[in-house]
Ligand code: BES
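Next up is one chain by itself, shown in structure tokens, the form predicted on its own.
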């Protein structure tokens, strides 16, 4: 979607649909201005505007150049958040999709929010709300996304342009992640996923190296190799690197994404309904890392960032690993496998261990790791945990701030040492499951045994893939994590100025 900024008056903006967000304080003055520009249809709609943003009012103006007007009430201006702006813009996107509007305008409202942040949120909400995954549909579609979005403003032109461009870049990166997760499993085998990463790197200007099975064996990634034993497809390990000349950090930030391209549960087979049937999404962590690297490369963020993606599927065929196996991991530690469906932590542990070789400043992993996270927090927020390394409270505060500002919200869970008791093995260093209680935490405690640096773990099992459309996300992949990581890295970059 092409996004531009215009200072043309609202009455002269020639678009198929014009979206005007309205605050309670601005109803009289704002609608009077619109009535003068577009006629009495605006004034007649005044009493239908709700302050909670729950309804979009579509009008056909008596005059002016815009063919349709969409009004959405934002409520009190002091209570308008960036997320409210995204959600309001998503409503306009839904209307534009239904009426097949090719060109859409958004009028920047007058708010106590920076013009660039407002523009970014509106563009993000509109682009994400316009997303549809139609790759496998045949025949006529019910609608189509707008081709051009125009942000209309009367002042702060440079700020608005900067925010609009940033919003487009980040939203497009989220859509990349959504596309990858929504793909049919046969189109994203570990090899095909690695090829998609290489293609992305060439397009967006970051470096990619892909390890084949021989290199993975040479590196001793026993966890990744164990999970892959049941598959006909070999594993891959992809290293994504963004290292600009003006980077503000000498030691890299490392992003690790779980890349289980399909998870049957292995020999600990999952039930199909409401479980295995959505397991093409088990590589959503990997997709989020790919999207985030794309975003920071396009934004030219001055940080040295590395992405690590271990990829395999988890199947019960071939010589599949079994409960009772003891696996020697990349770090040298041994793990007793008691459930082959706890495979994500096995491949992440190897990647986290390998990350040590870069002497990272901080490592963040994203993974659809546990159903327990969904039970605890639902499908609109992710669980976040960190180790007790120096600065733990600051790390949690930073990632939660990034979540609140980006819309990819996270909430912290405890990491007390007592939880280690649940993953002690009688025959190995660790066992790969800790029982029913505190499942998200014991999974994180397992991973903690493979890190020796500041580390943040984000369990995105709930919000990464949803059964019903919500806000600016259609049913299916949400791209959760791209905006979280991008905002966190932006914050980090700003602190290093």
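Numbering follows the first chain given and starts at 1. All figures in this text were calculated on a predicted structure; none of them were measured in a lab.
Not pictured, yet referred to below: the form predicted together with this ligand.
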Testing 397-405, 274-282, 83-91, 246-254 against this ligand in the model of the complex with a 4.5 Å heavy atom criterion leaves exactly one stretch, namely 274-282
Any chance residue 371 has a heavy atom within 4.5 Å of this ligand in the model of the complex? yes
Close approach of residue 229 to this ligand in the model of the complex, 4.5 Å, heavy atom: no
Is residue 345 close to this ligand in the model of the complex, meaning a heavy atom pair under 4.5 Å apart or at it? yes
In the model of the complex, is there a heavy atom of this ligand that lies within 4.5 Å of any heavy atom of residue 313, even though the partner is absent here? no
Is every one of 263, 433 and 461 within 4.5 Å of this ligand in the model of the complex, counting heavy atoms? yes
In the model of the complex, which of the listed residues (147, 339, 154, 209) lies with a heavy atom within 4.5 Å of this ligand? 339
Among 168, 270, 162, 204, which has at least one heavy atom within 4.5 Å of this ligand in the model of the complex? 270
